[in-house]
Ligand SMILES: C[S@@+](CC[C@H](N)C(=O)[O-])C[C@H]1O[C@@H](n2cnc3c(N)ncnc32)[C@H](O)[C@@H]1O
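Here you get one chain, nothing else, as structure tokens; it is the form predicted on its own.
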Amino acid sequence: MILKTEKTIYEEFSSHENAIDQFRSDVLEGLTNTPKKLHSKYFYDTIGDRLFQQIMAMPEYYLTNCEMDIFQNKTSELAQIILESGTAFDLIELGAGDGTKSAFLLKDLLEKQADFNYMPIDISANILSVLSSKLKADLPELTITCLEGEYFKMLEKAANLSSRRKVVLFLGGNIGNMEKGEALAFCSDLSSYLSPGDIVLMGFDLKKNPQMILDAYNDKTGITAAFNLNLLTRINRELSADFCIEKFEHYQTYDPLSGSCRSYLISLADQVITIEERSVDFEKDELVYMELSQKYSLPEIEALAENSGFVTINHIMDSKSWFTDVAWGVV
């Protein structure tokens, strides 16, 4: 057993306090803006993690099966892109989650005796713990270094830990959680943290039948609604707020022209919420903007790569051509 020193305990406490301070700041800033907004990155506490696992298992939520199709049936194509240079690498996954999809790639790379270290990055300590335990049981030969925190801070940490080339995974269509301008800035920033020879594998949900997209984010069983509303419960618990969850409901929209799928919470009454002794007014029918899930066309993806410092190596589609994992090289 390794005993924690006083310094280690202080650092853990300090890190937790910093996270709470940032959470408080973001929540208060978002709810005092016009229109009101909450950051979707805070969906993922222990309950939120569990609800999102249920969302991914829903028949309406086609994204999971589409990208799973790629990682189950086209693993060799993904591995070939990664291994083409023949050099050792760090496989860094942004927002790793439970690693269900990437596990297929990890297994294939191990079978091909690739020289690599897996570095999952996630803001949720809980999900990293679950992932690490699962992979150590299923793939005991895998070298794994978990990195908890924001993407770019952890990318910088990964670069300090190892000078090997980087292969970055950004799966699940998570790029779609950003406005198009934000996505361009994110990809440009990402390229600045990487070097020629590094590779990015990024998942994009493609534009398709509008009703299919809307159903995926507005399931009749109410799991997605519970996922969104859980953020209010988290604010109550961690910031001593007094949201009455029953006075808010989930609302979903999709615009097939722009490809923007947006979720909101609607205040069902005039009400005043207290967050750590600060009052926030809500009018009846006022919206709180929660999340964007942007859908792309292939030309839009090509333009994003070109404008952010990448060159397209390949794009690998699922069997229905509803989703693509693109491989970009750093210019």
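Owing to the predicted nature of the structure, the values given are computational and were not obtained by experimental measurement. Residue indices: 1-based, along the sequence shown.
The same protein also exists as the form predicted together with the ligand; that form is not shown, yet it is the one meant from here on.
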{"query": "Residue contact check: K284 to the ligand in the model of the complex, 4.5 Å heavy atom", "finding": "no"}
{"query": "Contact label in the model of the complex: E150 to the ligand, heavy atom within 4.5 Å", "finding": "yes"}
{"query": "is_contact(L206, the ligand) in the model of the complex, heavy atom dist at most 4.5 Å", "finding": "no"}
{"query": "Any non-hydrogen atom of G95 within 4.5 angstroms of the ligand in the model of the complex", "finding": "yes"}
{"query": "Y44, F52 and L171 all contacting the ligand in the model of the complex, non-hydrogen atom within 4.5 Å", "finding": "yes"}
{"query": "Partner-contacting position among L229, I123, L239, A158 - heavy atom within 4.5 Å of the ligand in the model of the complex", "finding": "I123"}
{"query": "The single option of I273, L292, M56, L31 touching the ligand in the model of the complex, heavy atom within 4.5 Å", "finding": "M56"}
{"query": "Listed range touching the ligand, judged in the model of the complex by heavy atoms within 4.5 Å, from 124 to 132, 211 to 219, 78 to 86, 253 to 261", "finding": "124 to 132"}
